[in-house]
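Here's a solo chain for you in structure tokens, the form predicted alone.
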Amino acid sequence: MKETPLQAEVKAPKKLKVPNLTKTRKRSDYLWAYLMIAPTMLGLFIFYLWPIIQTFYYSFTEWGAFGQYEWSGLDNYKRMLEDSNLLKSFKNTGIYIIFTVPIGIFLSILVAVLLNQKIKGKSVYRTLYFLPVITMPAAIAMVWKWLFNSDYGLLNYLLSLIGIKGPQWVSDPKIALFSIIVVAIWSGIGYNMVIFLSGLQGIPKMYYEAAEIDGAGPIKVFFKITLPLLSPVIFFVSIMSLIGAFQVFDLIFMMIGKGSTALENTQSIVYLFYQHAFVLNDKGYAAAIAVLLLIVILIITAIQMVLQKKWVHYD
């Protein structure tokens, strides 16, 4: 049966489609979010991820005298197994890490705890301890090299006043590495101290008040309250200090001469990388050393992440 014109006019109108404003707003928010992080992500890719990819590729190549290279496969990695200098560099770096990381963290905690007390002029002390952090490493190395000078250095002069002949601090192969370790610990205390201070100030005072009521002494309070609650900060500092210690270069480069007899006993992994990349123009082998260092750091960091579950307290 056909509809009459009147029935067609009375028929209900079709519903209009209303746009979903929630979805549109979400898409707009995502777009603006991606636009905001795009410069940072682009910088990370250009200056971090892409060099890592290039280094990994170059580790399988052999470089010529004029910047040309060719594929060499696993030759660079096979060469590592027979390189005594690489093994020596790992040994030197290991000794450097064993001393600088634990001692540096211990002294930083000690200084942070002392400067967290109510003492006069603590702002001045904090500034003095932090000054080495904002000082150029080259300047620090040159000052300490003068202090360590065996002929006219301040340390040997002070020792001569009490009848002791000072050693050759930076040229004796037996003690040159330990001289660098002293400088590294001294220059790193200020940075870690600031981080530990922020962690200490985040500990609720009610724990210390309760311990004082119970009659706990300062040593017991430190080991039972301060250290456990500071463990997440200690964990963070230990990871950052370990990674930084693996990459030590500037102090060795500035304090130890290229022709020094102590260079072999102070040469780090990064210094060996520098030698092959920029002195010997053996960039393929240098890239392989960098890849090996990256793998070692990743493995040790992963071990730290697993072990932290046993001693780090987040509650």
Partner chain sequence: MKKWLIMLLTVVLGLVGLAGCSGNKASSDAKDGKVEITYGFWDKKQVPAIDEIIKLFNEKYPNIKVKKEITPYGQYFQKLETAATGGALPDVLWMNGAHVVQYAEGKVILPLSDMAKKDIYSLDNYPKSLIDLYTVDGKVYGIPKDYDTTGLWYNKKIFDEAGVPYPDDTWDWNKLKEVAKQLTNKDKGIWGYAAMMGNQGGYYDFIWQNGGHIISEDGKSAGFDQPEAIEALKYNISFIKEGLSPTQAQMTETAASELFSSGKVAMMFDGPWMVPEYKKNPDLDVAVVPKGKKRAVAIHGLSNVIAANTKHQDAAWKFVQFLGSKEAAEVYAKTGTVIPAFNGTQDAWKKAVPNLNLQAFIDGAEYSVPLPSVKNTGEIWQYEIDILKKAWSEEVSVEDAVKELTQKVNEALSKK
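Numbering follows the first chain given and starts at 1. Fair warning: this is a prediction, and the values are worked out from it, not measured in the lab.
One more form of this protein, predicted in complex with its partner chain, exists but is not displayed; see below.
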| message | The chain here is shown without its partner chain. Which stretch in 98-106, 239-247, 143-151, 180-188 comes within 4.5 angstroms of it in the predicted complex, by heavy atom distance? | response | 143-151
| message | Considering non-hydrogen atoms and a 4.5 Å limit, which listed residue (93, 76, 226, 168) is close to its partner chain in the predicted complex? | response | 168
| Do all of 118, 125 and 208 end up near its partner chain in the predicted complex, with near meaning a heavy atom within 4.5 Å? | no
| query | Given that the partner is absent here, does residue 40 sit within 4.5 Å of its partner chain in the predicted complex, heavy atoms only? | reply | no
| request: Report yes if any heavy atom of residue 52 sits within 4.5 Å of a heavy atom of its partner chain in the predicted complex; otherwise report no. | output: no
| Is residue 281 close to its partner chain in the predicted complex, meaning a heavy atom pair under 4.5 Å apart or at it? | yes
| task | May I ask you to check whether residue 34 falls inside a 4.5 Å heavy atom distance of its partner chain in the predicted complex? | result | yes
| request: At a 4.5 angstroms cut-off on non-hydrogen atoms, which residues of 226-262 are near its partner chain in the predicted complex? List them in order. | output: 253, 258, 259, 260, 261
